[in-house]
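What follows is a single chain, given as structure tokens, in the form predicted on its own.
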């Protein structure tokens, strides 16, 4: 008898598996894919270059708790991600910052002058409801069309005016020269890769792993007390209210017989090309190799569900499933797909850690993971 049957071996499910196993619970974790790690799975390609199978995953967080937790299972490599955007025949920094404005317009503005430059062009919209409203209110129509409109349309197959404000609110605008894509306190990459991290995370003797398996094929004859589900919530309920929309991506990998392919980790292509961006993995991993591998991303409607589409209509549909989930006996839902939220990795991890604390509420337990022990009094 397993205490918990966990569906999905990505971060959401694996964090739950490790925490519960370390509290003495017997765990079976199941995944339809042939590997652990979910969308962060990485591997060495035919040339011996470490690549991310499902596109670039760059770890960043402000949460000391999330950072410390993952540090139980990996050493780190410091890495601050930088992105350029191909605009008007130039490669300019993204997010938009002082260098972006000066390069694009051939100016030499100071920070104060750049703030005035953007303020003059901004088109304030009230109330702010959509992604278009957010960007227009920050940088105005011209920069919105150069950097955001085409990219967003390719990524989501929707005009920014149709998307929730949260989508473009994730991308800052700066008037200093900080060209880092993220400004989180912790910006690191697993020193030996994500798959290595997950292997250690799931190495607890209380954890059993079943791959290449649809949980529906085994759930009726595998005895268990509770379910933790991290897959698409609409699928769990057999799409009884209709299908929740997702965006997928086609990844095309290329290896080049050169040391470096592009000047930074990622280059975005807001306009023109069918792909949204190209990422070169050696920047992310720090690997030394005479060749280099990159991935081109082509957003599409069909395929693995990567991005919940944040519209008011979809939020209303999810709410129906959320209410249904609250009535599901002995079943917990977590993760980007399980809660239909456009979460970053650290948010997924924090969500599962919070769920674990909720499950173990008011129970003093002794935890052990990777040689680390402490007694936690959950509150």
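Residue numbers count along the first chain shown, from 1. Note that the structure is predicted; figures quoted are calculated from it, not measured.
Although not depicted, the form predicted together with a small molecule is the subject of the following passage.
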Next item on the list: Report the stretch among 147-155, 220-228, 199-207, 69-77 that approaches the small molecule in the predicted bound form to within 4.5 Å, counting heavy atoms only.
Entry: 147-155
Item checked: Single option in 181, 186, 261, 296 placed near the small molecule in the predicted bound form, where near means a heavy atom within 4.5 Å -> 181
Next item on the list: Check each of 134, 114, 309, 167 and return the one that places a heavy atom within 4.5 angstroms of the small molecule in the predicted bound form.
Entry: 167
Margin query: Even though the partner isn't displayed, in the predicted bound form is residue 130 close enough to the small molecule, meaning a heavy atom within 4.5 Å?
Written below: no
Check: For residue 277, is any heavy atom within 4.5 Å of the small molecule in the predicted bound form, or not?
Finding: yes
Notebook entry, point to check: Taking 4.5 angstroms as the cut-off for heavy atoms, does residue 98 touch the small molecule in the predicted bound form?
Noted result: no
Notebook entry, point to check: Even though the small molecule is not shown here, does residue 103 get within 4.5 Å of it in the predicted bound form, heavy atoms only?
Noted result: no
Next item on the list: Give a yes or no on whether each residue among 94, 268 and 342 has a heavy atom within 4.5 Å of the small molecule in the predicted bound form.
Entry: yes
